[in-house]
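To begin, one chain is listed below as C-alpha coordinates, in the form predicted alone.
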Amino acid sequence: MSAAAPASLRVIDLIRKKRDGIALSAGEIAFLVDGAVDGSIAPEQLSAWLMAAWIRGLTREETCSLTLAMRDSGEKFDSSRLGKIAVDKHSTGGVGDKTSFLVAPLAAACGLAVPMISGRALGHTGGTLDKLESIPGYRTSLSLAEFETVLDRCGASIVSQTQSLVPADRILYALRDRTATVESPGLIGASILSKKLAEDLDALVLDVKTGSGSFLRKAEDAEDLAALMVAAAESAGTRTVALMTDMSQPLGRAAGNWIEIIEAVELLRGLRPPESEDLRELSLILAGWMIHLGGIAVTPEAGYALAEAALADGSALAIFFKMVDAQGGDASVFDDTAGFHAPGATQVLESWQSGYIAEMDTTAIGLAVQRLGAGRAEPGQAIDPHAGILFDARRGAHIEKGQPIATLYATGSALFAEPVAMLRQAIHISATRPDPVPLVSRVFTLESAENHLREKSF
(Lines give C-alpha, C1' and ligand atoms only; values in the text may rest on other atoms or scores of the structure.)
Protein backbone atom coordinates (compact mmCIF):
# COMPACT_ATOMS: atom_id res chain seq x y z
CA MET A 1 0.00 0.00 0.00
CA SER A 2 1.08 3.58 -0.58
CA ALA A 3 1.68 6.28 2.01
CA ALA A 4 -1.13 6.95 4.46
CA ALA A 5 -3.88 9.21 3.14
CA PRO A 6 -5.78 11.80 5.21
CA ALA A 7 -8.95 10.56 6.87
CA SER A 8 -12.43 11.49 5.58
CA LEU A 9 -11.39 12.14 1.98
CA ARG A 10 -14.07 12.03 -0.72
CA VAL A 11 -13.11 11.23 -4.29
CA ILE A 12 -15.66 13.73 -5.68
CA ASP A 13 -13.78 16.51 -3.87
CA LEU A 14 -10.48 15.43 -5.41
CA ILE A 15 -12.03 15.35 -8.89
CA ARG A 16 -13.42 18.84 -8.37
CA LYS A 17 -10.12 20.08 -6.96
CA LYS A 18 -8.12 18.85 -9.95
CA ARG A 19 -10.80 20.07 -12.37
CA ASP A 20 -10.31 23.57 -10.93
CA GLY A 21 -6.54 23.43 -11.37
CA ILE A 22 -5.60 22.92 -7.72
CA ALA A 23 -2.70 20.56 -7.00
CA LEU A 24 -3.35 17.48 -4.87
CA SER A 25 -1.24 16.56 -1.87
CA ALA A 26 0.77 13.34 -1.63
CA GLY A 27 -1.83 11.93 0.77
CA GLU A 28 -4.70 12.74 -1.57
CA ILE A 29 -2.94 11.05 -4.47
CA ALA A 30 -2.23 8.04 -2.24
CA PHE A 31 -5.96 7.88 -1.48
CA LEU A 32 -6.76 7.73 -5.22
CA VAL A 33 -4.13 5.08 -5.92
CA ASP A 34 -5.21 2.89 -3.00
CA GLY A 35 -8.84 3.24 -4.08
CA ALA A 36 -7.96 2.18 -7.62
CA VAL A 37 -6.21 -0.98 -6.36
CA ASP A 38 -8.75 -2.08 -3.75
CA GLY A 39 -11.76 -1.18 -5.91
CA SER A 40 -13.25 1.33 -3.46
CA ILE A 41 -13.19 4.09 -6.10
CA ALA A 42 -15.43 3.50 -9.11
CA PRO A 43 -13.84 3.42 -12.60
CA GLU A 44 -15.96 6.36 -13.76
CA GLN A 45 -14.63 8.49 -10.91
CA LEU A 46 -11.04 7.48 -11.61
CA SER A 47 -11.66 8.29 -15.29
CA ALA A 48 -13.01 11.71 -14.38
CA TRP A 49 -9.94 12.47 -12.28
CA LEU A 50 -7.64 11.28 -15.09
CA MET A 51 -9.37 13.58 -17.58
CA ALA A 52 -9.06 16.50 -15.16
CA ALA A 53 -5.36 15.67 -14.72
CA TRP A 54 -4.93 15.44 -18.51
CA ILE A 55 -6.54 18.84 -19.07
CA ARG A 56 -4.98 20.67 -16.12
CA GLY A 57 -1.66 18.81 -16.05
CA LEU A 58 0.24 17.48 -13.05
CA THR A 59 2.77 19.51 -11.13
CA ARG A 60 6.23 18.14 -10.50
CA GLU A 61 5.24 17.31 -6.93
CA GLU A 62 2.06 15.54 -8.06
CA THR A 63 4.04 13.53 -10.62
CA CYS A 64 6.52 12.45 -7.95
CA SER A 65 3.73 11.56 -5.51
CA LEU A 66 1.81 9.58 -8.13
CA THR A 67 4.99 7.74 -9.17
CA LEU A 68 5.83 6.65 -5.62
CA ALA A 69 2.24 5.76 -4.69
CA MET A 70 1.95 3.57 -7.79
CA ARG A 71 5.38 2.02 -7.20
CA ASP A 72 4.35 1.04 -3.70
CA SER A 73 0.91 -0.33 -4.71
CA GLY A 74 2.21 -3.92 -4.97
CA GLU A 75 5.29 -6.08 -4.53
CA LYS A 76 8.71 -4.88 -5.68
CA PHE A 77 11.79 -6.60 -7.02
CA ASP A 78 14.88 -6.69 -4.77
CA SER A 79 18.00 -6.25 -6.90
CA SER A 80 20.40 -6.25 -3.94
CA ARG A 81 20.77 -10.05 -4.09
CA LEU A 82 22.20 -9.88 -7.61
CA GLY A 83 25.56 -8.58 -6.40
CA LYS A 84 25.78 -6.13 -9.32
CA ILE A 85 24.70 -2.60 -10.09
CA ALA A 86 21.18 -2.73 -11.56
CA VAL A 87 20.60 -0.43 -14.54
CA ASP A 88 17.75 -0.34 -17.04
CA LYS A 89 16.72 1.56 -20.17
CA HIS A 90 13.21 2.63 -21.09
CA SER A 91 11.85 4.07 -24.33
CA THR A 92 8.65 6.08 -24.54
CA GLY A 93 7.74 4.02 -27.61
CA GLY A 94 8.07 4.18 -31.34
CA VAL A 95 8.16 2.27 -34.62
CA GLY A 96 10.99 -0.18 -35.23
CA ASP A 97 12.33 0.61 -31.76
CA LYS A 98 14.28 -2.54 -30.91
CA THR A 99 17.19 -1.10 -28.91
CA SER A 100 16.30 -3.23 -25.85
CA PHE A 101 17.55 -6.37 -27.62
CA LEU A 102 20.91 -4.68 -28.05
CA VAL A 103 21.40 -2.53 -24.95
CA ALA A 104 20.41 -5.23 -22.43
CA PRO A 105 23.10 -7.73 -23.54
CA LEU A 106 25.62 -4.95 -24.22
CA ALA A 107 25.30 -3.54 -20.70
CA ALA A 108 25.25 -7.03 -19.15
CA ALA A 109 28.40 -7.97 -21.06
CA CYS A 110 30.09 -5.00 -19.39
CA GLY A 111 29.22 -6.23 -15.89
CA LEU A 112 25.83 -4.69 -15.10
CA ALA A 113 22.58 -6.39 -14.14
CA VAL A 114 19.77 -5.34 -16.49
CA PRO A 115 16.30 -6.15 -15.09
CA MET A 116 13.96 -5.00 -17.86
CA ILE A 117 10.17 -5.02 -17.48
CA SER A 118 8.63 -4.24 -20.87
CA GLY A 119 5.26 -3.86 -22.57
CA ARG A 120 3.18 -4.98 -25.53
CA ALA A 121 2.16 -3.35 -28.80
CA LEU A 122 -0.76 -0.94 -28.65
CA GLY A 123 -1.72 1.76 -31.11
CA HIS A 124 1.07 2.67 -33.52
CA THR A 125 3.94 1.49 -31.31
CA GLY A 126 5.49 -1.95 -31.30
CA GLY A 127 5.76 -4.16 -28.23
CA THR A 128 9.05 -5.53 -26.91
CA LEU A 129 7.29 -8.58 -25.45
CA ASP A 130 5.47 -9.40 -28.69
CA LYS A 131 8.76 -9.25 -30.56
CA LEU A 132 10.45 -11.61 -28.12
CA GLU A 133 7.50 -14.00 -28.20
CA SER A 134 8.06 -14.43 -31.95
CA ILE A 135 10.98 -16.61 -30.80
CA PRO A 136 9.42 -20.07 -30.32
CA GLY A 137 9.07 -20.92 -26.63
CA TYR A 138 10.32 -17.60 -25.23
CA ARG A 139 8.56 -16.89 -21.93
CA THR A 140 7.95 -13.29 -20.97
CA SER A 141 5.70 -14.07 -17.96
CA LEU A 142 8.09 -14.96 -15.16
CA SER A 143 7.62 -14.79 -11.42
CA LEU A 144 9.95 -12.42 -9.59
CA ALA A 145 11.89 -15.47 -8.36
CA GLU A 146 12.33 -16.73 -11.94
CA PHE A 147 13.27 -13.22 -13.02
CA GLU A 148 16.02 -13.16 -10.40
CA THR A 149 17.28 -16.59 -11.50
CA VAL A 150 17.64 -15.48 -15.12
CA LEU A 151 19.37 -12.27 -14.08
CA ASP A 152 21.78 -14.18 -11.88
CA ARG A 153 22.58 -16.56 -14.74
CA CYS A 154 22.65 -14.15 -17.70
CA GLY A 155 22.99 -10.62 -16.35
CA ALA A 156 19.91 -9.53 -18.32
CA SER A 157 16.25 -10.50 -18.48
CA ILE A 158 13.34 -8.97 -20.39
CA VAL A 159 9.91 -9.85 -18.97
CA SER A 160 6.34 -8.65 -18.60
CA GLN A 161 4.83 -6.97 -15.58
CA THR A 162 3.51 -9.47 -13.03
CA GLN A 163 -0.03 -9.20 -11.65
CA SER A 164 1.31 -8.14 -8.26
CA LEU A 165 3.91 -5.62 -9.51
CA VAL A 166 2.58 -2.04 -9.64
CA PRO A 167 -1.10 -3.06 -9.97
CA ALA A 168 -2.16 0.59 -9.80
CA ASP A 169 -0.45 1.31 -13.11
CA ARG A 170 -2.18 -1.59 -14.83
CA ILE A 171 -5.58 -0.35 -13.65
CA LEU A 172 -5.01 3.33 -14.39
CA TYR A 173 -3.34 2.72 -17.76
CA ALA A 174 -6.30 0.62 -18.95
CA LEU A 175 -8.60 3.51 -18.05
CA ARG A 176 -6.32 6.06 -19.75
CA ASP A 177 -6.28 3.98 -22.90
CA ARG A 178 -10.11 3.88 -22.98
CA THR A 179 -10.63 7.55 -22.09
CA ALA A 180 -8.10 9.27 -24.41
CA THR A 181 -5.94 10.43 -21.50
CA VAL A 182 -2.67 8.74 -22.47
CA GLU A 183 -0.77 11.74 -23.85
CA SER A 184 -0.04 13.62 -20.63
CA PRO A 185 3.58 14.21 -19.50
CA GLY A 186 2.77 13.70 -15.82
CA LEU A 187 0.64 10.60 -16.32
CA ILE A 188 3.08 9.06 -18.80
CA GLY A 189 6.03 9.81 -16.54
CA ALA A 190 4.39 8.31 -13.44
CA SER A 191 3.33 5.20 -15.38
CA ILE A 192 6.82 4.58 -16.74
CA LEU A 193 8.73 5.37 -13.57
CA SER A 194 6.47 3.45 -11.20
CA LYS A 195 7.33 0.22 -13.03
CA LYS A 196 11.01 1.06 -13.41
CA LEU A 197 11.47 2.08 -9.77
CA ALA A 198 9.74 -1.15 -8.70
CA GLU A 199 12.74 -2.92 -10.27
CA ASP A 200 14.91 -1.47 -7.47
CA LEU A 201 17.29 0.15 -9.95
CA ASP A 202 20.53 1.93 -9.16
CA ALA A 203 20.37 3.87 -12.42
CA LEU A 204 18.02 4.41 -15.35
CA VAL A 205 18.47 5.68 -18.91
CA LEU A 206 15.36 7.13 -20.54
CA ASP A 207 14.93 7.25 -24.32
CA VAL A 208 12.31 9.96 -24.94
CA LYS A 209 11.12 9.97 -28.54
CA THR A 210 10.52 13.12 -30.56
CA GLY A 211 9.11 13.67 -34.03
CA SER A 212 6.27 12.23 -36.09
CA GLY A 213 6.30 8.81 -34.40
CA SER A 214 6.32 9.94 -30.79
CA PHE A 215 3.34 9.96 -28.43
CA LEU A 216 4.03 13.63 -27.63
CA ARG A 217 4.35 15.29 -31.03
CA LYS A 218 5.28 18.73 -29.66
CA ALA A 219 8.98 18.99 -28.83
CA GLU A 220 8.27 21.07 -25.72
CA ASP A 221 5.89 18.41 -24.37
CA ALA A 222 8.52 15.70 -24.87
CA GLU A 223 11.13 17.87 -23.14
CA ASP A 224 8.76 18.48 -20.22
CA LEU A 225 8.23 14.73 -19.90
CA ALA A 226 11.96 14.00 -19.99
CA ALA A 227 12.77 16.62 -17.36
CA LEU A 228 9.88 15.52 -15.12
CA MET A 229 10.95 11.88 -15.23
CA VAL A 230 14.60 12.66 -14.50
CA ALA A 231 13.66 14.84 -11.52
CA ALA A 232 11.11 12.33 -10.17
CA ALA A 233 13.43 9.32 -10.49
CA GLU A 234 16.34 11.20 -8.94
CA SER A 235 14.14 12.28 -6.02
CA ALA A 236 13.42 8.58 -5.44
CA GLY A 237 17.15 7.84 -5.27
CA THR A 238 17.72 6.46 -8.78
CA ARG A 239 20.45 8.09 -10.84
CA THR A 240 18.75 8.99 -14.12
CA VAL A 241 19.39 10.61 -17.48
CA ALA A 242 17.02 11.19 -20.42
CA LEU A 243 18.03 11.34 -24.07
CA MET A 244 15.76 13.05 -26.60
CA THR A 245 15.96 10.82 -29.68
CA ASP A 246 14.56 11.03 -33.19
CA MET A 247 11.41 9.17 -34.24
CA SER A 248 10.74 11.09 -37.48
CA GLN A 249 11.24 7.76 -39.25
CA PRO A 250 11.23 4.10 -38.13
CA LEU A 251 14.38 3.14 -36.24
CA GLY A 252 16.44 0.76 -38.35
CA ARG A 253 15.04 -1.00 -41.40
CA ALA A 254 12.51 -3.39 -39.83
CA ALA A 255 9.12 -2.73 -38.22
CA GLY A 256 7.24 -5.78 -36.99
CA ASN A 257 8.10 -8.63 -34.63
CA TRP A 258 10.37 -11.43 -35.87
CA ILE A 259 11.97 -9.18 -38.49
CA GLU A 260 12.97 -6.73 -35.74
CA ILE A 261 14.53 -9.53 -33.70
CA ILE A 262 16.52 -10.59 -36.75
CA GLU A 263 17.73 -7.03 -37.40
CA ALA A 264 18.97 -6.78 -33.80
CA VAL A 265 20.69 -10.17 -33.96
CA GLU A 266 22.41 -9.22 -37.22
CA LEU A 267 23.92 -6.21 -35.44
CA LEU A 268 24.90 -8.35 -32.44
CA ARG A 269 26.64 -10.66 -34.92
CA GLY A 270 28.73 -7.73 -36.13
CA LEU A 271 26.94 -7.03 -39.41
CA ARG A 272 26.44 -3.39 -40.41
CA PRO A 273 23.75 -2.96 -43.08
CA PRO A 274 23.56 0.77 -43.87
CA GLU A 275 19.80 0.89 -43.26
CA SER A 276 20.42 -0.26 -39.66
CA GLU A 277 23.20 2.18 -38.81
CA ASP A 278 20.97 4.52 -36.79
CA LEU A 279 19.80 1.55 -34.69
CA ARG A 280 23.38 0.48 -34.05
CA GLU A 281 24.49 3.98 -33.13
CA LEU A 282 21.59 4.74 -30.79
CA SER A 283 21.96 1.37 -29.06
CA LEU A 284 25.65 2.05 -28.38
CA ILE A 285 24.89 5.56 -27.12
CA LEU A 286 22.18 4.28 -24.74
CA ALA A 287 24.37 1.40 -23.54
CA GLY A 288 27.23 3.84 -23.06
CA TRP A 289 25.12 5.94 -20.72
CA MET A 290 23.98 2.82 -18.83
CA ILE A 291 27.57 1.69 -18.37
CA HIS A 292 28.57 5.18 -17.23
CA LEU A 293 25.71 5.60 -14.75
CA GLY A 294 26.45 2.10 -13.48
CA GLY A 295 29.92 3.25 -12.49
CA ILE A 296 31.87 1.05 -14.91
CA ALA A 297 32.93 3.90 -17.24
CA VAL A 298 34.04 7.40 -16.26
CA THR A 299 32.14 9.03 -19.13
CA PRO A 300 29.30 8.04 -21.48
CA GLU A 301 31.85 8.09 -24.30
CA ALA A 302 34.01 5.57 -22.45
CA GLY A 303 30.87 3.49 -21.88
CA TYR A 304 30.17 3.63 -25.63
CA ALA A 305 33.65 2.27 -26.31
CA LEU A 306 33.13 -0.60 -23.86
CA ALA A 307 29.76 -1.41 -25.42
CA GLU A 308 31.26 -1.38 -28.91
CA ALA A 309 33.98 -3.76 -27.73
CA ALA A 310 31.30 -6.12 -26.35
CA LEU A 311 29.62 -5.98 -29.75
CA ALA A 312 32.87 -6.69 -31.58
CA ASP A 313 34.02 -9.63 -29.45
CA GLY A 314 30.65 -11.43 -29.49
CA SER A 315 30.10 -11.33 -25.73
CA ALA A 316 26.82 -9.38 -26.06
CA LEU A 317 25.54 -11.87 -28.65
CA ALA A 318 26.39 -14.75 -26.31
CA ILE A 319 24.41 -13.12 -23.49
CA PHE A 320 21.40 -12.56 -25.75
CA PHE A 321 21.31 -16.23 -26.75
CA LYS A 322 21.86 -17.26 -23.12
CA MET A 323 18.88 -15.13 -22.06
CA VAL A 324 16.72 -16.63 -24.82
CA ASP A 325 17.62 -20.13 -23.66
CA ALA A 326 17.08 -19.30 -19.97
CA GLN A 327 13.57 -18.03 -20.72
CA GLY A 328 12.59 -21.10 -22.71
CA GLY A 329 13.28 -19.81 -26.20
CA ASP A 330 14.51 -22.00 -29.06
CA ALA A 331 17.76 -20.35 -30.13
CA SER A 332 18.17 -22.83 -33.01
CA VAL A 333 15.82 -20.69 -35.14
CA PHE A 334 18.66 -18.20 -35.48
CA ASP A 335 20.66 -20.79 -37.43
CA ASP A 336 18.35 -20.31 -40.42
CA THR A 337 16.52 -17.02 -39.98
CA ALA A 338 15.37 -16.80 -43.60
CA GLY A 339 13.89 -20.29 -43.41
CA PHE A 340 12.03 -19.55 -40.20
CA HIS A 341 10.54 -16.29 -41.54
CA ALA A 342 7.44 -17.61 -43.29
CA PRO A 343 4.82 -14.88 -43.83
CA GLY A 344 1.61 -15.88 -45.57
CA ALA A 345 1.99 -13.21 -48.25
CA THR A 346 4.58 -10.67 -49.43
CA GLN A 347 4.22 -7.46 -51.42
CA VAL A 348 6.82 -4.97 -52.60
CA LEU A 349 5.94 -1.27 -52.49
CA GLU A 350 7.62 0.51 -55.39
CA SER A 351 8.27 4.23 -55.60
CA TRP A 352 5.57 6.10 -57.49
CA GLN A 353 7.99 8.88 -58.52
CA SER A 354 11.67 9.79 -58.52
CA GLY A 355 13.20 12.04 -55.88
CA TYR A 356 14.28 12.11 -52.25
CA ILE A 357 12.34 10.60 -49.36
CA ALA A 358 11.80 13.91 -47.60
CA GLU A 359 9.38 13.12 -44.78
CA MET A 360 7.80 10.14 -43.07
CA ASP A 361 4.70 10.22 -40.90
CA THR A 362 6.00 7.55 -38.55
CA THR A 363 2.75 7.24 -36.61
CA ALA A 364 0.91 6.42 -39.84
CA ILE A 365 3.65 3.92 -40.73
CA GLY A 366 3.24 2.28 -37.33
CA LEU A 367 -0.51 2.01 -37.89
CA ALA A 368 0.18 0.42 -41.30
CA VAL A 369 2.35 -2.17 -39.51
CA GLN A 370 -0.54 -2.78 -37.11
CA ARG A 371 -3.02 -3.24 -39.97
CA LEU A 372 -0.73 -5.89 -41.47
CA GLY A 373 -1.24 -7.90 -38.28
CA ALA A 374 1.99 -7.13 -36.42
CA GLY A 375 0.31 -4.89 -33.82
CA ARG A 376 -2.98 -4.66 -32.00
CA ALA A 377 -5.78 -2.12 -31.85
CA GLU A 378 -7.19 -3.58 -28.62
CA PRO A 379 -5.50 -5.24 -25.62
CA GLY A 380 -5.36 -9.02 -25.98
CA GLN A 381 -5.75 -9.02 -29.76
CA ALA A 382 -3.73 -11.77 -31.49
CA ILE A 383 -0.79 -10.73 -33.65
CA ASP A 384 1.13 -12.31 -36.52
CA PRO A 385 4.81 -12.71 -35.55
CA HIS A 386 5.89 -12.63 -39.21
CA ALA A 387 3.89 -9.56 -40.28
CA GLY A 388 5.61 -6.22 -40.73
CA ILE A 389 7.53 -3.95 -43.07
CA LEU A 390 11.16 -4.10 -44.18
CA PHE A 391 12.34 -0.77 -45.58
CA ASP A 392 14.65 -0.68 -48.59
CA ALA A 393 14.95 3.12 -48.58
CA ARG A 394 14.83 5.56 -45.70
CA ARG A 395 14.60 9.30 -45.07
CA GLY A 396 17.07 11.26 -47.19
CA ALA A 397 17.57 8.47 -49.75
CA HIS A 398 17.27 9.24 -53.46
CA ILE A 399 15.04 6.78 -55.29
CA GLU A 400 13.93 6.28 -58.87
CA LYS A 401 10.36 5.62 -59.93
CA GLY A 402 9.71 1.88 -59.72
CA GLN A 403 12.51 1.30 -57.21
CA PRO A 404 11.48 -0.71 -54.09
CA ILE A 405 10.77 1.41 -51.01
CA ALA A 406 9.62 -1.40 -48.72
CA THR A 407 8.56 -5.03 -48.53
CA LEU A 408 5.32 -5.80 -46.67
CA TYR A 409 4.53 -9.10 -44.91
CA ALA A 410 1.11 -10.36 -43.81
CA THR A 411 -0.89 -13.55 -43.32
CA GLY A 412 -2.73 -12.99 -46.60
CA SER A 413 -2.70 -10.67 -49.62
CA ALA A 414 -6.14 -9.26 -48.72
CA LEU A 415 -4.44 -7.34 -45.89
CA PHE A 416 -2.17 -5.27 -48.16
CA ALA A 417 -4.53 -2.69 -49.69
CA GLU A 418 -5.04 -0.45 -46.67
CA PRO A 419 -1.39 -0.48 -45.43
CA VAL A 420 -0.10 0.27 -48.95
CA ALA A 421 -2.45 3.24 -49.21
CA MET A 422 -1.35 4.42 -45.77
CA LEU A 423 2.33 4.19 -46.71
CA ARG A 424 1.79 6.16 -49.92
CA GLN A 425 0.25 8.94 -47.80
CA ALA A 426 2.86 8.70 -45.04
CA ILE A 427 5.97 8.86 -47.24
CA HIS A 428 6.58 12.19 -48.97
CA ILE A 429 8.94 12.21 -51.98
CA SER A 430 10.48 15.54 -52.98
CA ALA A 431 12.93 16.90 -55.53
CA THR A 432 14.93 18.38 -52.63
CA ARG A 433 17.08 16.42 -50.19
CA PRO A 434 15.83 16.96 -46.61
CA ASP A 435 18.04 18.44 -43.92
CA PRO A 436 19.47 15.78 -41.59
CA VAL A 437 17.84 15.31 -38.18
CA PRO A 438 20.13 14.56 -35.22
CA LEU A 439 19.71 11.10 -33.73
CA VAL A 440 20.07 12.54 -30.21
CA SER A 441 18.96 16.16 -29.92
CA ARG A 442 19.34 16.77 -26.19
CA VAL A 443 20.40 15.08 -22.97
CA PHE A 444 18.73 15.83 -19.62
CA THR A 445 20.86 15.20 -16.55
CA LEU A 446 19.55 16.13 -13.12
CA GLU A 447 21.03 19.62 -13.37
CA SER A 448 19.59 20.41 -16.79
CA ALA A 449 16.25 18.84 -15.84
CA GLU A 450 16.04 21.04 -12.74
CA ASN A 451 16.86 24.12 -14.81
CA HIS A 452 14.21 23.23 -17.38
CA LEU A 453 11.54 22.69 -14.75
CA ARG A 454 12.37 26.01 -13.05
CA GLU A 455 12.08 27.82 -16.37
CA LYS A 456 8.72 26.17 -17.08
CA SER A 457 7.50 26.76 -13.49
CA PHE A 458 6.79 23.08 -12.88
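Sequential numbering from 1, following the sequence displayed. Predicted, not measured: the structure shown is a model, and the values here were computed from it.
The next section is about a form of this same protein that is not shown, the form predicted together with a small molecule.
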With a cut-off of 4.5 Å between heavy atoms, is residue 138 one of the residues that contacts the small molecule in the predicted bound form?
no
Determine whether any heavy atom of residue 215 comes within 4.5 Å of a heavy atom of the small molecule in the predicted bound form, and answer yes or no.
yes
Would you please decide whether residue 176 lies within 4.5 angstroms of the small molecule in the predicted bound form, comparing each non-hydrogen atom pair?
yes
Evaluate residue 191 for contact with the small molecule in the predicted bound form, applying a 4.5 angstroms cut-off between non-hydrogen atoms, and reply yes or no.
yes
Would you mind picking the one in 89, 292, 195, 209 that has a heavy atom within 4.5 Å of the small molecule in the predicted bound form?
195
Counting only non-hydrogen atoms, which stretch in 168 to 176, 340 to 348, 102 to 110, 248 to 256 is within 4.5 Å of the small molecule in the predicted bound form?
168 to 176
